[in-house]
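Before any questions on binding or motion, here is one chain by itself as structure tokens, the form predicted alone.
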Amino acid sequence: MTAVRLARRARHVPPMTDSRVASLQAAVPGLQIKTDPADLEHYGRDWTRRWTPAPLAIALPGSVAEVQAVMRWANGHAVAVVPSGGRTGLSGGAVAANGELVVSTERLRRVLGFDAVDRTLTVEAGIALQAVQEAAAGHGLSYPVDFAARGSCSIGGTIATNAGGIRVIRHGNTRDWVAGVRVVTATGELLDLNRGLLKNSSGYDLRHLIVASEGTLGIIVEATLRLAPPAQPSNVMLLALPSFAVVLDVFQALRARLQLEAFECFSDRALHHVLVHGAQAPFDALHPYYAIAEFATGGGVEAEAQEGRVLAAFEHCMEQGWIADGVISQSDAQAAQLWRLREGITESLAPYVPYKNDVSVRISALPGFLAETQALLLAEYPEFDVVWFGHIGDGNLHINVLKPVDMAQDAFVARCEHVTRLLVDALARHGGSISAEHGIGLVKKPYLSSTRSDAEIALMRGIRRAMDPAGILNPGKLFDR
């Protein structure tokens, strides 16, 4: 009974009080505000776990007007603000660890309009990616940006980080699908950028400045998204590879013969963790590496012709010794099972709180970079469990390092950051980027200069000061002022 009574008391810890919270409530009377410690922890962090969340409070505006009012109050009271969407980021971009006000867009999740002529969908920023995809499908079209966190990430967050995902080789990044965006600035102004126009040469395109700005230039409140024709019938093929060296050979062979929608690769350790997490083993034997390819199949006569091309591509790779085994899905359910082996990796690793790298190089630079990176990881992490996967078709590699159970967190991070500095040097030699699709945030801030020149960073600082003179929007993220 004692344990039960203590647990009940813990659930009734008085909410945090601060005169500024009362001031905000008075300035925006209808605003929903959360100050319960559990809410502060929940909304004050993203998928990184390296910082202890400590926000002032959580503001959950229910309209654009409330977002504007919140920002006017924050600017007037010099209160730092952390914009918050689905908080699925991996770079610390949504962390509030220094008394900031978190402004969450989770209540802004409506579909505002569909234009059949322009093929656009206008939505509020807090809507989930999956809900956008479903809304597009309801109109016989598609929103082709896609990745595993589709059910929890918000559209505003994907725009703020220019998210890529698994179909970049076919459809590009989020930036390519943003026709217009409405943004509330640090001073509470509402900017309506590009207004869905296909052609607009009237000066600087501030819409694209907002894309990948990580909440440092304004709070995205609405977006007009371009839609694509409905997705073509497709099929999925999982391939077992005998070595790391043949990944690019297989990719180039399939790309030359098929209309690839996606091409992903992952290591045997990645598969191990997904299987432990409940997925079904695809082959009787284990293999060092795996590739998953999705390709358009068409219909009717075209489908028959495509089947022949698929088999020819598979046989060619087998003859070259590039493939040890393979399986092709025969139904949507089987395709989903195969994709789970790739999309389930991040979730299966989450309990280990891995140290993550998200890097990219030009596709033409991949062979040399991948060879150098593999050698680096083997040399620097001989006793660590290193799990990697990649959007090989667009030059993006994700490296996940799992902390040994008996190693202190500080020592683990220090070791990983040492290796990251070496990885940054390799990226510089190959003309790559320390952040492919997860942003800079807090995690990668020390390495921004490896990707951007001093002149570029100086210009970015100037832009940030121009749009946020008081420096209240997501301070400390991307770079310091």
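Numbers for residues come from their place in the sequence shown, where the first is 1. Not measured: the values here are computed from a predicted model.
What follows is about the form predicted together with ligand FAD, which we do not show.
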**Close approach of Ala223 to ligand FAD in the model of the complex, 4.5 Å, heavy atom** = no
**Message:** in the model of the complex, does Ser234 come within 4.5 Å of ligand FAD, counting heavy atoms only?
**Reply:** no
**Request:** Would you check, heavy atoms only and a 4.5 Å threshold, whether Ser267 touches ligand FAD in the model of the complex?
**Result:** no
**Asked** Looking in the model of the complex, any heavy atom of Asp394 within 4.5 Å of ligand FAD?
**Response** no
**Prompt:** Which one of Val327, Ala148, Ala97, Ala135 is close to ligand FAD in the model of the complex, taking close to mean a heavy atom within 4.5 Å?
**Reply:** Ala148
**Fill in**
Note: exactly one of Pro144, Gly180, Gly165, Pro282 sits with a heavy atom within 4.5 Å of ligand FAD in the model of the complex, namely Gly165
**Item:** Residue stretch of 308-316, 374-382, 111-119, 213-221 approaching ligand FAD in the model of the complex, non-hydrogen atom distance within 4.5 Å
**Value:** 213-221
**Request:** Check each residue of 404-440 against ligand FAD in the model of the complex and list those with a heavy atom within 4.5 Å, in sequence order.
**Result:** Glu437, His438
